[in-house]
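This document starts with one chain, in the form predicted on its own, laid out as structure tokens.
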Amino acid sequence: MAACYQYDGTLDGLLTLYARLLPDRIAPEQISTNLPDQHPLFSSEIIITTDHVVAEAFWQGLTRRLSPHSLKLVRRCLLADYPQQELLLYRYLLLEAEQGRRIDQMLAHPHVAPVWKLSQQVGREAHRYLGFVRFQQVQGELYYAAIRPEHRILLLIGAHFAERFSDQQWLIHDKRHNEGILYNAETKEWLLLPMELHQQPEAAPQEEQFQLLWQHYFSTLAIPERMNLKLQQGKVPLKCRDVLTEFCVLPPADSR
């Protein structure tokens, strides 16, 4: 009998679910973090409890078995935020269990093509956000940056910023998915943590002056006669601009 499977929405929870289903080649009707209000008449509802040990063992098994190409696809898709991504990835892993590394040459297969496409979307967004992160100094000598990506890309960009800003304490906050990367300059380590902030951290006294200088430079550098809004929006989408300093308007000096 087909079944609808529910997990807690965490990465370990999804890996635990895969570890439970794959060995028996179970074909689920649906995989979600919330069971649907309506489901097929002959389907049952099964909740999979997260087991961190099982999840880690399953992931280690994947890293040994999959080719580097397939592992990259799986890793990116695990971080995607896309309808029914869990089921898409499960079908890919089910096919891989049958075909092994031959799956790398099966790009046109209906269980491979959607995973490859989703992986490309996540990878492109992560690469683009390497240039869209704007740190600002806040109280406590911490540098804070807010982003609002479509996918959960923090794990893909963390190493880049840890190397680039290795001597600073910083935090990158994903406001869409309520998680953040916190970097410790003393230990040279960063952690991905659940995070929900209800208000913007208070900026350091000199931060607003630096932001004004950057905005003035950005507007002065522009040549009105050569402005191409279509090209600009292609390079810097509107959905990203509310967290980019150069596109934000600070209040007048006499109101601060």
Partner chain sequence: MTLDLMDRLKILADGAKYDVSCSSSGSSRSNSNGVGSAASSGICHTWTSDGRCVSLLKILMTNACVYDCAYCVNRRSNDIPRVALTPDEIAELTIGFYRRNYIEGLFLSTGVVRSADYTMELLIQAARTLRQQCRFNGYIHLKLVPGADPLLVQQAGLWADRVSINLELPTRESLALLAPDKTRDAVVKPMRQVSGLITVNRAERKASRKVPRFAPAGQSTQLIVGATGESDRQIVTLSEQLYQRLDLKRVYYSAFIPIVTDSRLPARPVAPLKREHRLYQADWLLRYYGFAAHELLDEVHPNLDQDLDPKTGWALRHLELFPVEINRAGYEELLRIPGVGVRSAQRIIQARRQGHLGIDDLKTLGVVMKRARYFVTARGRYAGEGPFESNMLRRKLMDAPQRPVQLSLTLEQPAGLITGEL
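Numbering follows the first chain given and starts at 1. These numbers come from a predicted model, not from an experiment. Only the largest set of C-alpha atoms that superpose within 1.5 Å between the two forms is called the rigid core.
Here the subject shifts to the form predicted in complex with the partner chain, a form of this protein not shown in this document.
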| property | result |
| --- | --- |
| Every residue of 135, 160 and 212 near the partner chain in the model of the complex, heavy atom within 4.5 Å | yes |
| Heavy atom within 4.5 Å of the partner chain in the model of the complex - the one residue of 26, 57, 193, 222 that qualifies | 222 |
| Partner proximity in the model of the complex: residue 52 to the partner chain, non-hydrogen atom cutoff 4.5 Å | no |
| 4.5 angstroms heavy atom contact with the partner chain in the model of the complex for residue 64 | no |
| Touches the partner chain in the model of the complex: residue 236 (any heavy atom, 4.5 Å) | yes |
| In the model of the complex, residue 246 touching the partner chain (heavy atom, 4.5 Å) | yes |
| Which of 97-105, 174-182, 148-156, 80-88 lines the interface with the partner chain in the model of the complex (heavy atom within 4.5 Å) | 97-105 |
| The partner chain in the model of the complex - contacting residues of 109-139, heavy atom within 4.5 Å | 113, 116, 120, 127, 130, 131, 132, 133, 134, 135, 137 |
| Shift of residue 189 between this form and the one not shown at or above 2 Å (CA, core fit) | no |
| Residue shift check between this form and the one not shown, rigid core fit, residue 60 Cα at least 2 Å | no |
